[in-house]
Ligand SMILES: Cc1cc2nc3c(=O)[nH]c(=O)nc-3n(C[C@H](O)[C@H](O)[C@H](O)COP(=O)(O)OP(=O)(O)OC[C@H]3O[C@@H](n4cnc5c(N)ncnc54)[C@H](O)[C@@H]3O)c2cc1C
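Below, in structure tokens: the form predicted on its own, a single chain.
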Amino acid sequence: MRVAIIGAGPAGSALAILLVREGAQVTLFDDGRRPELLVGESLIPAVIPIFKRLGIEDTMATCGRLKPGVSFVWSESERFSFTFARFAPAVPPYAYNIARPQFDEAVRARAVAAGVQHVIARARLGPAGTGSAELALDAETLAAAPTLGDRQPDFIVDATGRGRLAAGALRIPARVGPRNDVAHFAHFEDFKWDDVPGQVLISRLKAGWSWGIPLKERLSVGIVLGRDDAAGLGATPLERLERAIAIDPWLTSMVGAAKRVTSVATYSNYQLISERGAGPGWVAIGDAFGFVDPMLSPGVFLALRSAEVVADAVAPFLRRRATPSPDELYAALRPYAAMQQRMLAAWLDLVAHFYDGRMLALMRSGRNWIDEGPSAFKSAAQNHIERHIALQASGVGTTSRYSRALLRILARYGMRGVTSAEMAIH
């Protein structure tokens, strides 16, 4: 079975590793572009079992920084901190913060070492003119990959991220989320850090929010806000980030005197899900299927998990040494496509609870309830609630019907005088 994967980011490289282990002949197309910075530097605990399956956790432990948890800084006097270990074993007790270019290179190198054919070329797709397959590589792309023997692959995987190559070729529309934010971020050295090593900090700003992600030797600092608010900070990404740091006491305390050691990267167009992520002979994985939001950092997990599920769907054909038809592949991949739609929708819903203030209002309400008079019942109830929030935010149980229903009910009826508006991100 000959597989062409277009895009050598985490999703494409991870899928290549898993398929070649099962005996597929995998060609991994890589356009060779290496941006200085990539969003997705803070990972969630659900990536750990996938790292172990891919055999890359030792590398991550060497080049990344252990992430014990997350703190939400909502005002000068209000902070909510969580450690993953508190919810073990239901949740892996740690994650990692990683510099994305190095992380991407590590996964790609593992794919090459596993026997994947790595082709440096910008692949192009178009609708297939004949047969039941929907997509085909163009002649120039085929010529760049001698292992394909000038023949179309049996299976095409779109792992082109937000480029969404397959969706563009087939004119597949997408559902766009309610937010239209822009993010600016950079890396700093000689920063001040008074928190737990590796703990990620998310802070609410007067407009939008910011992150602080401790990496191996650097601190990644970013701001996420609406386009109009961003324009009010300055004309360029550098002006906006510098102004946000200057006017926010928390950011000033960390990096006001620090040295910026990278350019300022910009990301936008968050919250988009393709109406269709698979078809006869092809599938989209990672951001090419849909992307959510930098809040809670689900991107790399969703990319790796999509690769894992697709590999498992295709594995039965490979173990039988059978080459499926495009329609047979589509039938095998429909459950994946439905699952990925549900997963992306669940993450969008969870992220919305943070933006509109329901999540932090619920946390404040629970804290107030305990402070009114601790009891064994209150402690048990609060632990149960926080456990199910952690299951969702860690990626372990994001689609759990019970966990999601519990959060919706509590966010509607459990505020006890705390309004979500006062805790919202504007």
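These figures come from a predicted structure and were not determined experimentally. Quick note: we count residues from 1 along the sequence shown, nothing fancier.
What comes next is about the form predicted in complex with this ligand, which is not displayed.
- Of the heavy atoms in residue 291, some are within 4.5 Å of this ligand in the model of the complex.
- With a 4.5 Å cutoff on heavy atoms, residue 69 does not count as touching this ligand in the model of the complex; it lies far away.
- Among heavy atoms of residue 121, some come within 4.5 Å of this ligand in the model of the complex.
- The closest non-hydrogen atom of residue 11 lies within 4.5 Å of this ligand in the model of the complex.
- The three residues 7, 40 and 165 all sit with a heavy atom within 4.5 Å of this ligand in the model of the complex.
- Stretch-level contact check against this ligand in the model of the complex with heavy atoms at 4.5 Å: of 342-350, 208-216, 172-180, 326-334, the positive one is 208-216.
- A single residue from the set 270, 155, 74, 87 has any heavy atom within 4.5 angstroms of this ligand in the model of the complex; that residue is 270.
- The contact with this ligand in the model of the complex, taken as any heavy atom within 4.5 Å, belongs to 300 out of 95, 300, 241, 278.
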